[in-house]
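Taking the form predicted alone, here's one chain by itself in structure tokens.
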Amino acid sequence: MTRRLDLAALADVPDSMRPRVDPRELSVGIVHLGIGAFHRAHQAVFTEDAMVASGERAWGVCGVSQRSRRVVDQLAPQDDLYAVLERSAGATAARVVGTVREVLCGCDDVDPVLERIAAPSTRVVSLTVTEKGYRLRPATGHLDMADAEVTADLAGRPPRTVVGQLVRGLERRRRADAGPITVLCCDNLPANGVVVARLVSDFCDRMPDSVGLGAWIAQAVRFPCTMVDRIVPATVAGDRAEAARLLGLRDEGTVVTEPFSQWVIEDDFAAARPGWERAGATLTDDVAPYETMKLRLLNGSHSTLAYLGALAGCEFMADAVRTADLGPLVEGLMAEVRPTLAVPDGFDVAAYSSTLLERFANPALRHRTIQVAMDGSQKLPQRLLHGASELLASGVAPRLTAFAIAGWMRYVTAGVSETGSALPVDDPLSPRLAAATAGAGSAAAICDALLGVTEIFGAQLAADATFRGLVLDGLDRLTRTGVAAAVRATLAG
């Protein structure tokens, strides 16, 4: 069997692919909750490049796996090294990244995680746990106090939720007088720093033993907002085989991504931080315009392609762009929501939109539609619904946005695609969605049932007659005629 990647084997890796800083020189300064593929292809790469530029070596990452030992088992035998495969249509480039210096499993023993958060050497806690990992109610933006895991954490068990772990770690840091710290959310939530600060406050308010903790957090912890952008599909066996061919070593932790990457960060830190701007990140006083642009143009279009592409039988996102006029549909969708955006000075939003279509169509990424379609209940508000509400308030009918939402409704109720492949509903609200639509025998009944899920739609938007009519029209077309015909009719107006 091919030798496995680890520190001892780095000498056998081609020079151009080795870590850009010696991993043995790094100390841990960042705790990252949710060490999945996205963090390893995005923030970890920015951090390594920042250390190259600055000469600092104090920003190694302790990664925390929230739900299973899979990442621990992949990386620990490799001294936490892994390869990033950067794929364009014509080539693949590989590099080994050494930023991650420790991986812990929060679902096994949370105490080492809390100790890392409390350590004086830790100055940043970053997060990529997906929208559902925060256990918030999308319609309110507050912590879901009815969630059984949140309730158990508040009752005093070793915390398993990300907010519980974060608060208990900060509580331990306060007791240790370890100094100020920054909590850096890197998930696709509007005003993500503000949201996480609110969830932490919600948790503190319900803790029976939190006297003084909230006041200390308000004084010693900062929650800057961020916007992150890089497409990172799930790794498959063929990706690991390609990494082994390029490296000459077996790598169980390989991640795959595109050449494009972007990181916009609010410059509001409680303590020291890596010089991420020296690696290409944008530090700004206001992330909101970038964030809204990305959520509505990139993420809204991505979700639309995923639902409709999967319904049409497309396995991969690149295929969906070329199928059933979906490329022109999302191009029109981006044009529809553009008036709701506050575009930063000097930013070419039309060129950005064109770049998005090129990125979606990258055939080398093999990003699965059903992967992007996961967790729709958590994604719809910020990606599609907020824009629809703003258009309606300005007197504009959100015709294509409503059709995209109809695509989600059809996806979560169809069961199978038009080619007979299964359409799994991987969503924290899947039991609620199934119960709401049980017995709904028509497009109108399904539309009304799903609009009645207030956790997603709230009350005002669901009650808007124009919005309901547009969504129902799209859902009826998709149900009767299929994706291709429905898209053509929608584009024809």
Ligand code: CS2
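The structure presented is a predicted model; accordingly, all values stated were derived computationally and were not measured. Quick note: we count residues from 1 along the sequence shown, nothing fancier.
Another form, the form predicted together with the ligand, is not on view; read the next lines as being about it.
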Proximity to the ligand in the predicted bound form, single hit among 129, 197, 298, 119 (heavy atom within 4.5 Å):
298
The ligand in the predicted bound form has a heavy atom of only one listed residue within 4.5 Å, and of 171, 336, 291, 229 that residue is 229
Quick check on residue 188: any heavy atom within 4.5 Å of the ligand in the predicted bound form?
yes
So in the predicted bound form, is the ligand close enough to residue 85 to count as touching (4.5 Å, heavy atoms)?
no
Any chance residue 92 has a heavy atom within 4.5 Å of the ligand in the predicted bound form?
no
Contact label in the predicted bound form: residue 284 to the ligand, heavy atom within 4.5 Å
no
4.5 Å heavy atom contact with the ligand in the predicted bound form for all of 135, 137 and 152
no
Partner-facing stretch of 343-351, 365-373, 97-105, 174-182, counted where any non-hydrogen atom is within 4.5 angstroms of the ligand in the predicted bound form:
365-373
Residues of stretch 374-409 in contact with the ligand in the predicted bound form (4.5 Å, non-hydrogen atom):
379, 383
